[in-house]
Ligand SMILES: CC(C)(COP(=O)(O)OP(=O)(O)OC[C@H]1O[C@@H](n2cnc3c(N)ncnc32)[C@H](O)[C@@H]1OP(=O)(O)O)[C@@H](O)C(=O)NCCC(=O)NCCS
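Read the single chain below, which is given as structure tokens and is the form predicted alone.
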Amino acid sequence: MTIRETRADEAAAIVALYPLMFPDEDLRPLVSALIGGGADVVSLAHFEGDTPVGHVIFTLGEGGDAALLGPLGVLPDHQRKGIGTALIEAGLARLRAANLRQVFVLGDPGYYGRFGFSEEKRIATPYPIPAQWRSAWQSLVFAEKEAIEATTLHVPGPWMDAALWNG
């Protein structure tokens, strides 16, 4: 499985994946801003030949202690082959090596729980989330670290859109 950090010249191909992976959401502006230099990110993709078929972004939060996982996606005809798992594991390994303390995600607890994520109750999202999403706000503290202090997660500008947090 070929997973590597994306390059600037691959941005258009990466952004073009998102309408195929998320036909009901327009994540292109967010992804473009994140990988186009609008934030400090770890952008990883799985390639088949020269073609990306899965992608994940980990956005580093202010202060350098935390990261936000997402979006994560795999083309529909490549799902259930371990690509998403491999992307997450590769990203978490890079973040651990970079000495981060905690990673956050707003996503399916059943999926992200497999990686050690659990419901986050001390750190607030940048904008309020719907009550039914409460258990979807999760974090993973690297075992050798302590959780960051209770606060609101500070994320860079591309994430500061209430619609990204409240559907």
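So that there is no doubt, residue numbering starts at 1 and follows the sequence shown. As the structure is a computational prediction, the values presented were derived from the model and not from experiment.
Below, we turn to the form predicted in complex with the named molecule, even though it does not appear here.
When the named molecule is considered in the predicted bound form, residue 21 lines it closely, a heavy atom lying within 4.5 Å. For the chain shown alone, residue 83 is a contact residue for the named molecule in the predicted bound form, at least one non-hydrogen atom being within 4.5 angstroms. When contacts are judged by a 4.5 Å heavy atom cut-off, residue 73 counts as touching the named molecule in the predicted bound form. Residue 127 falls outside the set of residues with a heavy atom inside 4.5 Å of the named molecule in the predicted bound form.
Listed stretches are 44-52, 29-37, 57-65, 105-113; the contact stretch with the named molecule in the predicted bound form is 105-113, by a heavy atom cutoff of 4.5 Å.
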